[in-house]
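In the form predicted on its own, a lone chain appears below as structure tokens.
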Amino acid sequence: MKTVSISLSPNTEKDDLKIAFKELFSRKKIKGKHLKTFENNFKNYFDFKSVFSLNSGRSSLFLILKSLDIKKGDEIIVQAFTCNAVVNPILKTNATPIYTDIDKTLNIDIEKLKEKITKNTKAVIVQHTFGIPGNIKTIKEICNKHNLILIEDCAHSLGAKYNNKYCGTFGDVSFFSFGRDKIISSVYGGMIGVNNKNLINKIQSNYDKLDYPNRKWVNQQLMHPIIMNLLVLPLYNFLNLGKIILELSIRFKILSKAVSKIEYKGKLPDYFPQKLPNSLAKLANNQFKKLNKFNSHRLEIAKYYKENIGGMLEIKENATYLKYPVLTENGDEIIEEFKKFNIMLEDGWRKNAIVPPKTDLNKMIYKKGECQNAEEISNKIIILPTHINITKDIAEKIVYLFKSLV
């Protein structure tokens, strides 16, 4: 069996590989018709007033904050149990991230949120963790009461709904990610969706000043699904060849890392923010066409896990279940045992209030003990895969192995 991974281009299908191969040799790698096609499709799907495509979700968030004129001394509320990709754009604006604890849905605890609001608070970022919608209606009411900008982080929740309305359409502005392990993937990519008319012109002005990534960087992203699916995953545990190929590909810059070294220490690489290049827009649009299929599949796999394993969450029909979280006291042991069966459960979403685990919490301006529920969950959580390449047979194997270890 080919190695199962949560994070190494898991959504890739044959049609995506064909596009990646073709785009490696394209003359319109940077600019072309696919950018506008993807933007129009995305805008129409959500009925946004405007959208802006960028080369990552972090680029999108930074551009939003810059357009809000966020400055030193301003406070941005964000939940703990989040990624440094959310915190670093805040730090780059010289604002202060204010962390609030989470509830049992892995999203912002409403009562804790209320306690964190001060005269310096400018915005609240709502993360719909793993595609499970947060209590966005109540959070919006709180933001309106205090005249705060509501930013929706939809990196995990593309296509999810709350009260039959799409996540991303409640706030003043939202951002999405098309990273290698997201709902849809162009390896790197992001989108801003805006319904606040006052923000559109500000974002447009800043967006127009951005450059596109260079061709070398674009080629690194196009190579990712190819190398992962044709070499790394099939050979991952065969004499460690897959691991060696992955390490060498990164060392010789054939591939880029998902998270660069400086991001663990509160910095953003200089290629953020930039616009989304044409070739990656083509990849993203091809996956976007399959969004309903992807999300229906994830929901079915999540239901199967829930029925056979249980877990901490109630199943919601309108959630996307990017990943299926389970709490256990012996997570490290389970992850190591699964490796023996070519199933890689380690995806970085554990062991720290701000992930990945190597993130320097001091650089994130986070104090240990600040958000106890988030810290406790991060130390007990493991993630089960739900993506399109998790067949029923693989899901059954995962359930059998998990039950044998808990």
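Note that residue numbering follows the sequence shown and begins at 1. For clarity, every value in this text was computed on a predicted model and none was experimentally measured.
The discussion below concerns the form predicted together with a small molecule, not included here.
- Using a 4.5 angstroms limit between non-hydrogen atoms, residue 295 is distant from the small molecule in the model of the complex.
- Mapping the unseen interface onto this chain, residue 155 counts among the residues with a heavy atom inside 4.5 Å of the small molecule in the model of the complex.
- Contact annotation for residue 83: at least one heavy atom lies within 4.5 Å of the small molecule in the model of the complex.
- In the model of the complex, the small molecule sits within 4.5 Å of a heavy atom of residue 177.
- Considering the small molecule in the model of the complex, the lone stretch of 374 to 382, 40 to 48, 53 to 61, 359 to 367 in range is 53 to 61 [heavy atom distance within 4.5 Å].
- Between the small molecule and the residues 279, 185, 127, 221, the one pair within 4.5 Å by heavy atoms in the model of the complex involves 127.
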